[in-house]
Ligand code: HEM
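Just one chain follows, in the form predicted alone, and it is written as structure tokens.
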């Protein structure tokens, strides 16, 4: 990409990423209010706001961050598979996108119920707790991707080293295996989270 286009894509990626993180934080606040508030009107307003924010802010920001990040990695010297931190961040973003899209239906359901009537403190309690847990997990995931973007840990992958002609100028050789272990641990934790979530009825019970 040209320098001007590269700066444009980077700016768009930052805007979408910050918007996604901020919207999820607000979504979590609404989910907590919907779960804990004793004021039926506040509960109703919280779930109505969640239904609007997920479709008009969170999903567009998520897709925008994913696409601009992919364009930026493939269109610059960073690459998508050259550095461990980029690969892990991309995988985390993919998982976050899948889980978000899988949970739009229960969010819309809660917003639909709130639009029709007031919700009692004990009604749909399991689903309301699940929305808080999902929002908290999403916020932690986004904080992790932010930390990866700032600290850029683990150095280059084997593919990245081959692209550089086998010269490792970023890190000692003994850190290569550590980076692979961390990458494997990230993937394992992601798969474990998804499996436990599904087995526990998180998506299926909505």
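Since this is a predicted model, take the numbers as computed values, not measurements. Numbering follows the first chain given and starts at 1.
Just so it is clear, the following notes concern the form predicted in complex with this ligand, a form of the same protein that is not shown.
The partner is not drawn, yet in the predicted bound form one stretch among 64 to 72, 48 to 56, 31 to 39, 154 to 162 has residues with heavy atoms inside 4.5 Å of this ligand: 64 to 72. Within this chain, residue 10 lines the site of this ligand in the predicted bound form, having a heavy atom no more than 4.5 Å away.
The closest non-hydrogen atom of residue 93 lies within 4.5 Å of this ligand in the predicted bound form. Interface membership of residue 86, defined by any non-hydrogen atom within 4.5 Å of this ligand in the predicted bound form, is confirmed. With a 4.5 Å cutoff on heavy atoms, residue 81 does not count as touching this ligand in the predicted bound form; it lies far away.
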